[in-house]
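Here's a solo chain for you in structure tokens, the form predicted alone.
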């Protein structure tokens, strides 16, 4: 489903100097598996996630998604970009930055409306994910007034309602209390499916051990190693 072929990424840190963020990353990620990505701050995890989400593009090498190369040129095609973003869902570490609607219900419905789904389908999916994420009591509240855990669940509901094949989670238990961490851990385990790939960045080794099928380790040299 996802293949990175000798991907490197460099950015201009000063007018006279380029800085390496990813250095010759090659990997093949399969459907039906949960991957946990770990590594020290500054090793390139955020850059890798931006590339996987089609927000940045390799300086060299190739990113292949479901047989299609993801490039800056291809993502300028509205139909291509829309099809890609339907298949990849991303929940940010700080969920509040991706929540902007007036109510939780509207937040979940927003992406579905952009897909121009029938109203009946939108209503059914909104209700399904409100129930699944236990948002019944806050469905009419503004997302920016919710607790961190509630915002995380709202963002998850909005992304999952789009039914992405690939779910990318950046530090999903960061900032949550023990109860919230346990809930997210259990929820991710239940999300595992032969028809879905989950990629998680986390600093929490104990959390990674509980959910990962494969561990991806980024090094301070901006390279990647693998372990089962």
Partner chain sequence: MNMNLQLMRLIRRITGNDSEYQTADQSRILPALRLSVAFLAILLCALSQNAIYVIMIIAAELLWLSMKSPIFIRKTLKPVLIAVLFCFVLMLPAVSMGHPRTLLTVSMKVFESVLILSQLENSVSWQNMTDAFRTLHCPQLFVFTLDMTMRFLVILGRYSNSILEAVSLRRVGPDHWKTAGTGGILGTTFLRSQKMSLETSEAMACRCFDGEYRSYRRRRFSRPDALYALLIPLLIALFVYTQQAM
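Residue numbers count along the first chain shown, from 1. Values in this document were obtained by computation on a predicted structure and should not be read as measured data.
What comes next is about the form predicted together with the partner chain, which does not appear here.
Against the partner chain in the predicted complex, the set 98, 113 and 126 is in full contact: each member has a heavy atom within 4.5 Å. Although the partner is absent here, residue 106 lies within 4.5 Å of the partner chain in the predicted complex, judged by heavy atoms.
The partner chain is not shown here, but in the predicted complex it comes within 4.5 Å of a heavy atom of residue 162.
Though the partner is left out of this view, residue 102 does reach within 4.5 Å of the partner chain in the predicted complex, counting heavy atoms only. Of the heavy atoms in residue 68, none are within 4.5 Å of the partner chain in the predicted complex. Of the candidate stretches 25-33, 177-185, 191-199, 47-55, only 47-55 has residues whose heavy atoms lie within 4.5 Å of the partner chain in the predicted complex.
Contacts of stretch 73-99 with the partner chain in the predicted complex, defined by any heavy atom lying within 4.5 Å, are made by 82, 85, 86, 88, 90, 92, 96, 97, 98, 99, listed in sequence order.
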